[in-house]
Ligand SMILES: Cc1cc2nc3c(=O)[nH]c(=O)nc-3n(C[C@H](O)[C@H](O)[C@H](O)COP(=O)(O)O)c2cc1C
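Taking the form predicted on its own, here's one chain by itself in structure tokens.
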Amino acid sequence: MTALPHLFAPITLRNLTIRNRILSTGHDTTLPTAFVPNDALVAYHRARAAGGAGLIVMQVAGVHETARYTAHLLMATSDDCIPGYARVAGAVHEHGCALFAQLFHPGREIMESQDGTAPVAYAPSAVPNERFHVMPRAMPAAMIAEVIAGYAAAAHRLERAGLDGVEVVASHGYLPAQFLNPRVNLRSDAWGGDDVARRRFLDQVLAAIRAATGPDFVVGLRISGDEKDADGLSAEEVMATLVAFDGRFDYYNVTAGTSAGIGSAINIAPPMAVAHGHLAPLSASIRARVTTPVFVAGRINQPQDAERILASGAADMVGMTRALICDPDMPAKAREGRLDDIRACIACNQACIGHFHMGYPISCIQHPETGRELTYGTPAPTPAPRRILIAGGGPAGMKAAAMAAARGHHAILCEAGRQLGGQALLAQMLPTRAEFGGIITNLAREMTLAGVEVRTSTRVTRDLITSIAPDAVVIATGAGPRAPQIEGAQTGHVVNPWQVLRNEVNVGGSVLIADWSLDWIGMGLAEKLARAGCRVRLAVDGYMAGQRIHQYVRDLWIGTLHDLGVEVIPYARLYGIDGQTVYCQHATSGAPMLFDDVDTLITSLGHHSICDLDDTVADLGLECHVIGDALTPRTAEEAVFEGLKVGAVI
């Protein structure tokens, strides 16, 4: 057992006792189909309940037809939802975990329609947002009454389904927050004009829910303690509202930011550049002013950090959502003192909220079993253990080895270098990306626990394969920097990102980065060199820097590059170099683009596969699997997932 007394102390809301202070906050999973809970969602929440979470808050449930802000949310507008919710409740309660659901209306924050046409969004007033560029229609008074009734009816259905409570979503600039905001709510009727009138919507929503549910049913409020936006609710405005409602909600679940602004939306799922537990001071300031229990979330990915926040009095419960996405068993491991066994979230945002924004089911680059519990939740022990040789110790090979060994095979992983990790060793060298190295630590621990035999500084050759005599070979030898022919390269100083990160070259004072990859590499190098005092031009072969990475990571980074004076040039296709002049073509018009006074041209032009073993393995007549970048260069997400897949079937 570990000394985390605050984290594992129970907490009681009304007559509901929750076994610990670990909360999975409401988050979209893109798992539901037909707007109701399904088998995949049941399995997803069951895994986190079984892993020891104290409270799970399910993703948003629409309370009115105008609340359909995506094509894959849940709706609680008819009794059709009750059986699915009941199945989730049964699965979660079976493992001693409490279950709430979020009640939701986005107001003007509509992301997509149901049929591809631009939807009509309804808000307190016709005030547009910055992020989705939606011009809403002011809600008629009759619709306001319908929506309030919808909250109550939805809560009643969820109570009938067996849930323990609901959470009214007033966070991130959604409808209740729009009513509270004097810059968004311009009404002069009973629903606007002064603070009392602007709070009337939330007041009546709460009263209607209380009237429709029993005395033990918990009703909480999710709210941004500071929307961190020029037109958003300020910390002072939110504080005044929470003081006014003190004692009426059963808890306040504090977050930050608003969906309405490009920069402020980053706070919905802050990337790894944001400090751990960064909202604890905000929740502490609220908790000092109210008697209502206060929950907080925001980059709390380790139980030790959660314990410190609770012990300091900053909150009564901690949201550890991405931590539970990455490791559903984190609570149980923490309780048992197995802190080194916890697979810590690195806040890459790639497969969790990144999948949501692309319309794909939730997962995790480190734990691709997430969201795929029905397929990979319980690895099947092999009926016939075999000797498996894995060539390459990057993320793909490490996951394949760990899964194969966990199933009972004798897995031997050979890495040519002195360290495991592959390209993750380079990724962690980029500014604000050091945490990415956690993927190496976590996968290495998985291998240790599974009993993988690891040999570093060991290149796989024909002779080695013959000596090991494996039954199957997994080729995960990765990739190297792509170096296409560049006209005039011999006349200038042309280097690749790997050379820069390894300090193998002197880049000079003026740098142009030719960025075909449109990922972390170009932006990270631009920040690194700008902070070192270089003049940096980032010429991207696309319409924006970071085009291929998650928007919150990209948007935060673009702001950083702007503040550092990095010049970003879009639509710039590299053509050639002549001394200190770099030539590009405009990607759409073909017009020349010239850049003078370039000391160093850094070519971030992608990678090429390193896979020279497949013919050897074929000649030896062995079963062969090629995965990760050795198959074709992509990202760590595909590498780890392919490692899982081959390890699960080999």
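Just so we're clear, the structure is a prediction, and the values are computed from it rather than from any experiment. Sequential numbering from 1, following the sequence displayed.
If you look for the form predicted in complex with the ligand, you will not find it shown, but the lines that follow are about it.
- When you measure heavy atoms, are P270, G319 and R322 every one within 4.5 angstroms of the ligand in the model of the complex? Yes, all three are in contact.
- Task: Report the stretch among 491 to 499, 293 to 301, 541 to 549, 179 to 187 that approaches the ligand in the model of the complex to within 4.5 Å, counting heavy atoms only.
- Result: Among the candidates, contact is made by 293 to 301.
- Query: Looking in the model of the complex, any heavy atom of A53 within 4.5 Å of the ligand?
  - Reply: No, A53 is distant from the partner.
- Contact flag, H172 vs the ligand in the model of the complex, heavy atom cut 4.5 Å: Contact with the ligand, yes.
- Classify H409 as contacting or not contacting the ligand in the model of the complex by the rule of any non-hydrogen atom within 4.5 angstroms, answering yes or no. Although the ligand is absent here, H409 would stay clear of it in the model of the complex, with no heavy atoms inside 4.5 Å.
- Query: Hey, in the model of the complex, is G26 touching the ligand, heavy atoms inside 4.5 Å?
  - Reply: Yes, G26 sits close enough to the ligand in the model of the complex that at least one of its heavy atoms falls within 4.5 Å.
- Task: Would you kindly say which of V60, A67, V582, I602 lies with a heavy atom within 4.5 Å of the ligand in the model of the complex?
- Result: Spelling it out, the residue with a heavy atom inside the cut-off is V60.
- Only one of I362, L420, V568, I309 has a non-hydrogen atom within 4.5 angstroms of the ligand in the model of the complex; which is it? Checking each option against the ligand in the model of the complex, the one that comes within 4.5 Å is I362.
- Give, in sequence order, every residue of 567 to 597 that has a heavy atom within 4.5 Å of the ligand in the model of the complex, or say none if there are no such residues. The stretch does not touch the partner at all.
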